[in-house]
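Next up: just one chain, as structure tokens, the form predicted alone.
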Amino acid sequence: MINKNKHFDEHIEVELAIFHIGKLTCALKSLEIQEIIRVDNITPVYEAEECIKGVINLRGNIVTIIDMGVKFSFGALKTDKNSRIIIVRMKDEMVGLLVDMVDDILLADVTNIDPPSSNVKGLSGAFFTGIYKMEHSLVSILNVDEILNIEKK
């Protein structure tokens, strides 16, 4: 079996958390996720980068929240009962990714994960490590290291 994508090792399957940002269906490897929580009181941070929605207190830890709608230039996400914050770790700090909805956790066959298209270049192309081909849709697998690089818009 040939692995077509350098971001995924030679395992046959990888566990992915599927979620939505606007009309974009995305995923992260479940190993990159600390936890998924409901949206609760986000405190704005004065003069923060535009994509920083604010901070939350998660069991005594201050967690920066990134609005993924702003990060992808879709505009600020409107939070509702389906909105979630995906907590990931960046070095010694936890960061939350605000998304519209978390859909599912699934085992993906790595042979169905292709590298991002060569015509997806520039900054937005750096945000993706692969495209997972589901039966009726495509899922963009995010590059969490690039997403957490706050200086990029």
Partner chain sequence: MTLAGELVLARNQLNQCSESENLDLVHETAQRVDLITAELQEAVMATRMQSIGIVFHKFNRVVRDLSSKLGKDIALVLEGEEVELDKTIIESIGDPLTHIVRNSLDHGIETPDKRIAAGKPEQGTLKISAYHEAGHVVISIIDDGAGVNRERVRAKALESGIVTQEQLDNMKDKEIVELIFKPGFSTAEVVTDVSGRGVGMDVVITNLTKLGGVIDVDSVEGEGTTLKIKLPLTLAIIPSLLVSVADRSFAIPQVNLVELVRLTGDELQDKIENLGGGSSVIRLRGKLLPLVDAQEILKIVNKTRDLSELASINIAIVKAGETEYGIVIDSLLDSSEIVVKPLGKHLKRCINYAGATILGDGTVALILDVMGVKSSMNLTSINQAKFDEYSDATVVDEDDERVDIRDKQSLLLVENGDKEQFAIPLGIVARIEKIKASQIEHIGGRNAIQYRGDTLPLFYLEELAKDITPIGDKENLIIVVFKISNREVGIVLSEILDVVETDSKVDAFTYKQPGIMGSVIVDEHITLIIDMYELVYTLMPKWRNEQKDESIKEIIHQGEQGKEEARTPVILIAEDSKFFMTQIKSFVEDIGYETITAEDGALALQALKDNADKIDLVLTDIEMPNMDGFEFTKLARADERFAKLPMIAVTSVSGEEAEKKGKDIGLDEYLVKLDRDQIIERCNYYLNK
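From a predicted model like this one, the values you see are computed outputs, not experimental measurements. Numbering follows the first chain given and starts at 1.
Not on display, but discussed next: the form predicted together with its partner chain.
- Among the residues M101, L107, A48, L31, the one placing a heavy atom within 4.5 Å of its partner chain in the predicted bound form is A48.
- Proximity to its partner chain in the predicted bound form, taken as a non-hydrogen atom within 4.5 angstroms, holds for one residue of V95, C26, I113, I85, which is V95.
- Proximity of V70 to its partner chain in the predicted bound form falls outside the 4.5 Å heavy atom cutoff.
- Its partner chain in the predicted bound form is approached by N41, whose closest heavy atom lies within 4.5 angstroms of it.
- Using a 4.5 angstroms limit between non-hydrogen atoms, N57 touches its partner chain in the predicted bound form.
- Shown alone here, I52 lies within 4.5 Å of its partner chain in the predicted bound form, counting heavy atoms only.
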